[in-house]
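Presented as structure tokens, the chain that follows is alone, the form predicted alone.
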Amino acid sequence: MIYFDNAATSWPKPPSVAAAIREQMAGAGGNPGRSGHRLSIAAARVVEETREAVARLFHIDNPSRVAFTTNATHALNVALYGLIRPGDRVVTTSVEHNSVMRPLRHLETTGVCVEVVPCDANGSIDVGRLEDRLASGARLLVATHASNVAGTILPIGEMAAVARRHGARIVVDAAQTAGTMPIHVAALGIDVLAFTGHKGLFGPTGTGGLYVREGLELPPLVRGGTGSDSAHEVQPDFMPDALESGTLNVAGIAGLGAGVRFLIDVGVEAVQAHERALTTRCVEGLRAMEGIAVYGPADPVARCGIVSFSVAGASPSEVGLLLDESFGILARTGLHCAPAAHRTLGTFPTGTVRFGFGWFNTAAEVDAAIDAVRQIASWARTPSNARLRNAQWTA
């Protein structure tokens, strides 16, 4: 089996991730911050050590500015509903995931003005065009760090500088880049960073978080018990407690911490170089074939480890099914929860086939996938009534 769906969830995980989850369940199973006994203290230590590891990864000086959530979608909702009020103007891009667009479209119904800056057919943005939209006054800029469809990396540092120049804050969706490329929140000028744990950070599903820069107070989306300031019925106003109501997913956070520490040991730069090499190999191989359309920038430096493509004469779902059942290659097909991005690329409503590469993938697997797509493309070129009898797979 070849797993090319790392853009949805990374797999396999480092062995240390499962080991950390088992260890937490066996030896640190208390409720963090809720009691003074040894198991509660041990659970709290797991949470804080993971918070410190995440802070180290993103070059965050104060780990308490990191709050844990269940995923990037949760984190983005906390940020957007906390920062935006009726009458505000928000600017975003045309390659956003529905984790951004659905909250924004809902907020539109409450009186928020949402402006979408079009990206080009490769998913790239014109920063000058973005500045024109911000110059007339906006409270917030919301942008993905890299498109989950085309893999296009947006120039977040430039975009943050433009936002700051015009008095707007920036919220960055790092679902595809956390762990797969270096992120220095202060150097990039990021106000709020939303990340998920189960992709490039090698953690389990149900984990994620939110970085909020010093000096920016974010009203909570959920209020309740935090284990702190329990004498008062008003939500604490200090981080991370303000954004962490209810018992945390300690076992998941233990796994996330192990994943982040594995990543720090390996080096994010090494991961980025490895995925870039695989992406380059894949793009070059696919673009050399007849009947294959590859989406996103040609320059591998301009994209993360994602390759989206289509096969002439076959739907993405057909291609995905053949890749799985005939070649043992697992990919994602369709619209990838990002219809705006597909409209930008010109692939709506059918979508694409998406390969998402990870640290544990190899060049040999990419070559096998290229050969599989070549056979599928040949099959797709045959008349429909002859396809079944002519489908002679060599995998």
Partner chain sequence: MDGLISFFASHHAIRAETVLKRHGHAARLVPGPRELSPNCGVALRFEFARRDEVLPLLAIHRVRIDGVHEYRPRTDGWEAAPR
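Bear in mind the structure is a predicted one, so any value in this text is a computation, not a measurement. Numbering follows the first chain given and starts at 1.
Quick note: we don't show the form predicted together with the partner chain, though the next part is all about it.
Peer 1: Exactly one of Glu131, Asp324, Glu158, Asp241 has a non-hydrogen atom within 4.5 Å of the partner chain in the predicted bound form; which residue is it?
Peer 2: It is Asp241 that has a heavy atom within 4.5 Å of the partner.
Peer 1: Partner absent here, but in the predicted bound form, which of 360 to 368, 340 to 348, 325 to 333, 30 to 38 has residues with a heavy atom within 4.5 Å of the partner chain?
Peer 2: That would be stretch 30 to 38.
Peer 1: Counting only non-hydrogen atoms and a 4.5 angstroms cut-off, does Gly227 reach the partner chain in the predicted bound form?
Peer 2: Yes, contact at 4.5 Å.
Peer 1: If you check in the predicted bound form, is Arg354 within 4.5 Å of the partner chain, heavy atoms only?
Peer 2: No, no contact at 4.5 Å.
Peer 1: Report yes if any heavy atom of His59 sits within 4.5 Å of a heavy atom of the partner chain in the predicted bound form; otherwise report no.
Peer 2: Answer no; every heavy atom of His59 is more than 4.5 Å from the partner chain in the predicted bound form.
Peer 1: Is there a heavy atom of Ser64 lying 4.5 Å or less from a heavy atom of the partner chain in the predicted bound form?
Peer 2: Yes - in the predicted bound form, heavy atoms of Ser64 and the partner chain come within 4.5 Å of each other.
Peer 1: Decide yes or no: are Asp5, Glu269 and Arg276 jointly within 4.5 Å of the partner chain in the predicted bound form, with each residue judged by its heavy atoms?
Peer 2: Negative, none of the three is within 4.5 Å.
Peer 1: Are there residues in 38 to 59 with a heavy atom within 4.5 Å of the partner chain in the predicted bound form, and which are they, in order?
Peer 2: Sequence-ordered list: Ile41, Ala44, Arg45, Glu48, Arg51, Glu52.
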